[in-house]
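You are given structure tokens for the same protein chain in two forms, set apart as structure 1 and structure 2.
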Structure 1
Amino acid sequence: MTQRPPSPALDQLNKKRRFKDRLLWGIAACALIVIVIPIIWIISQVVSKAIPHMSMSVLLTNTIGNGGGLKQAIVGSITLLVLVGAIAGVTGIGAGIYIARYAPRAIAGFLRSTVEILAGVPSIVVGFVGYIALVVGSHWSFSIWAATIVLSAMVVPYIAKATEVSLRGVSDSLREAGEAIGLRDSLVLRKILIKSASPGIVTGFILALAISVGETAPLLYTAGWSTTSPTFSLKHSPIGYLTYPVWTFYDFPVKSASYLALEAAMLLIILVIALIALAHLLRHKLSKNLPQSL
């Protein structure tokens, strides 16, 4: 059978498509460069200025006035990370499961819109609401629990959205197969749906924690600042955190204070990069255990 030569019109159409494809790829590459170059520049500036002054004493000494170390800030940030992970993780994953699996269609649509709206609320607004409701209204003053609740409220929408999208992306055939062999709904959810959606859920959860660890405004409103190790009292228990030295000391005329700001910024960068790397590692590990058809 002889092959018919392409018509001039079809050839012209293919050329236009290839041109549009290359143009869009070029625009996407330029957009990526515009985003990546400033990030690389900022990170390189912080690291290059912080490393000459970095020492183990920074990690083992509390902040004293405008100098000292960042021990209590490191401990405080990690403590908040763990508490927010526990509270926001349970709440966000539970909300995502309810929206994706159990909520009636009208309620699910309303909750989905609410989650998206809450995710777009500026962090300083959430912090101010927490200040009015908890620090002032409940007479807690600055405390670790006020900060935990506010940070959890900030990241719950991200976790809920990641959980819902991941569950809705699981093939219906897997759910139907579990139901066909007589598994209870709770077992279908736990053994099939959540397991299959776990890469997306875990990734969204860890990236939400990475967002929380870099927040400043909500903590200024709720956590205050402390130069001692954190306590877990409900009231009057301010806590240190790494974003405070960056915000407070970066333009101090005292060199020891500006060094602390740079060192705290570098530790935050390391912590965020570690969380992102952990998210990708866990996603890859969990994805390997899924059926090839997913």
Structure 2
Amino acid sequence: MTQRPPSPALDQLNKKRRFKDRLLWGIAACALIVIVIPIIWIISQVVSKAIPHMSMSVLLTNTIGNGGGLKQAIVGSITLLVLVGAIAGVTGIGAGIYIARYAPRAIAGFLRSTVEILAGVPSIVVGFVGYIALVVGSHWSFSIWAATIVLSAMVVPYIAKATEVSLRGVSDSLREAGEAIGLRDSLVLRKILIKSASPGIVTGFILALAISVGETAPLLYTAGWSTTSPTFSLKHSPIGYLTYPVWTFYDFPVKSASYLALEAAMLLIILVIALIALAHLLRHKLSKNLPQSL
């Protein structure tokens, strides 16, 4: 190779290209900041406005008209969380297992698309259908079960998808090793596949619950609103939940009402972040005894 003479033009060009490179990565870094800013802004606004009015009585008294506390809403939200977790959890994980493991290829593809389409149905449409079919159509009136069904229909696809993807991510050789020593299918599924996929399944499950706890639109016309603790009868069992006061009271001209909205918003943020943290904690714990690649 011959030594080229130094070329000022080339140097100039390289300098320009390097500058452009740096500039564009700078802009990309700004994009990252754009993601972080709203989170900090939202959380700090809500928390700083809510903290001054926060007291134990908020947690310990029920809502009275547009004042009082949020006890029944907290209890209601957590009740819904548990019910949805049980129903959507079983359904979603079962569906995910079927699609990933048992379904014939064509059916698996079809169900996978169904799950994705269902995930894309706007929450308000699911809620509206719940209102038409259950609250009015089946004469349940506002009902904790109508709310549970609607929320479950919304989060099942997330859970099913997470389960399916994590199960498919388990290497075939692990399944084959189980089969090769003559373990029964159910044992292979339980002890090897599900265990290997558990970090993904659990994370997906909890994140889906975090989404469900923040839903409002589908609940307004299925759960109604209640200022007393939840009851579990099929009909006429409206239930309080934390997103309701945020939506209903935020622009009330009464101070106690708007405080209630801010406090509920803060509790929601705490609940959601706690759930996300829990998901990561569990993921970390569960994947500790798994190969790194998973």
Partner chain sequence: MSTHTSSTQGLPFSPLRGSPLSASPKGQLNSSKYPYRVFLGLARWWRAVVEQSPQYLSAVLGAIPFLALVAIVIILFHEAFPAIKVNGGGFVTHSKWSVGSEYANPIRRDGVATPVGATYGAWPLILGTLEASALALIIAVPVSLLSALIVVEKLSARASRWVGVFLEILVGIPSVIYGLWGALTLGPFLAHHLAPIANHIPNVPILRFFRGPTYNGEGLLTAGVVLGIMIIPIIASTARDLIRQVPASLKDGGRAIGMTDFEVSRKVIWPWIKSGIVGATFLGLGRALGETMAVLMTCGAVLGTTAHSIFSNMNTIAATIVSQLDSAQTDGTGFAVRSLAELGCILIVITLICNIGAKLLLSRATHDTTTT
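Small disclaimer: the values here were computed from a predicted structure and weren't measured. Between two forms, the rigid core is defined as the largest C-alpha subset superposing within 1.5 Å. One-based numbering along structure 1's sequence throughout.
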Name the structure that is the form predicted in complex with the partner chain; the other one isn't. 2
Which entry of Ile35, Lys49, Ile269, Lys191 falls at the hinge, with the rigid parts compared between the two structures: Ile35
How far, in degrees, does the smaller rigid part swing between the two structures? 31
Phe19: how far does its C-alpha move between the two structures, core aligned, in angstrom? 9.3
After superposing on the rigid core, how many Å does the CA of Ala28 move between the two structures? 5.0
